[in-house]
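Below, in C-alpha cells: the form predicted alone, a single chain.
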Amino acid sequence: MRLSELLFSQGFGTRRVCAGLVEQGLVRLGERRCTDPSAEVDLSAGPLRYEVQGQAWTYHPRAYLMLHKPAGFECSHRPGRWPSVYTLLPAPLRQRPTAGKVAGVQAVGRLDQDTTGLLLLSDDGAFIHRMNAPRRHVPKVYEVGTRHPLDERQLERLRSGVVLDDDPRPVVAAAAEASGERQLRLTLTEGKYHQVKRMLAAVGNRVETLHRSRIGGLSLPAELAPGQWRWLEPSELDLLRP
C-alpha cells in the first residue's frame, strides 16, 4: 500500500492532505522520516507503527475501540444539549473513511448522557450490526443505583419480566441481584429506549445512577479512567463473540 493511501485509510485527511503530510516530512516509519507519498509500505511484517506530526500510531485495517464514557456526553454526531462523545476521540478516528466516505467510528449502541461505563466503537459495519442484532442476545451488565431500597419482590419481577408501555411482551432481565441496599446488578440481553430506567420504574423504584460494566465477556478495565479510550486487543474481541 502506498504511504499516502495508508494515511488516508487511517483518517488523517483527504488523499491530498495525506500526501502533503508526507512531503512536509511530518511522517515517520520507525526511525525513518518519509518524504515520498508513493512509497510502498509492507503490511505483512506484523503491526506497523508510525508517527504523524510527532504522534505515535499503529496501523489498524479496522477500528475496534473501547471508551469509558463519562456522564454529560451524548452518543451522537449531532448532539443537542450535551457535547458529543466523539469529541473524546482524536480526529483520525472521527475521520476514518468507510466505503469511500468519511464516516469515522460509530458507537455500538448508545448510552444516555447521564449513563457512564463501557462503550464500544468501530468502523466495521458488520461488527456493529452483529453486536446490536436482537437475536444475538449479547448480555450487557449494568450497575444501578436506586432511589429506594430494593426488595426481593422487585428483583423477582425484574427476573420474571415487566411490561413497558411500548410493547405488550414482558421484558425479562437475564439476571438481577442486589449488591447493596440501593445497589442493583442487572443483566440484559436486549436493548430498548431507556430500558433500565423504565424497568425500574415498572417495579416501583427509580434509577439514580447507571453504569455499564460489561458487554458479553468483556469488562470495563479498572485502569481506564472516564473519558479515556483504547484499542481492543484480539483476545478482547474474542470475548464479544457469541
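Treat the numbers as computed from the prediction; the structure is a model and nothing was measured. Residue indices: 1-based, along the sequence shown.
What comes next is about the form predicted together with a small molecule, which is not displayed.
query = So which stretch, 56-64, 187-195, 169-177, 32-40, is the one near the small molecule in the predicted complex (non-hydrogen atoms, 4.5 Å)?
reply = Of the stretches listed, the one contacting the partner is 187-195.
inquiry  = Against the small molecule in the predicted complex, would Y142 count as a contact residue? Criterion: heavy atoms within 4.5 Å.
reply    = Contact check for Y142: yes, within 4.5 Å of the small molecule in the predicted complex.
request  = Classify L111 as contacting or not contacting the small molecule in the predicted complex by the rule of any non-hydrogen atom within 4.5 angstroms, answering yes or no.
outcome  = So L111 counts as contacting the small molecule.
message = My question is simply whether Q154 lines the interface with the small molecule in the predicted complex - judged by any non-hydrogen atom within 4.5 Å.
response = Outside the cut-off, so no.
inquiry  = Would you classify V27 as touching the small molecule in the predicted complex, given a 4.5 Å non-hydrogen atom cut-off?
reply    = Contact with the small molecule, no.
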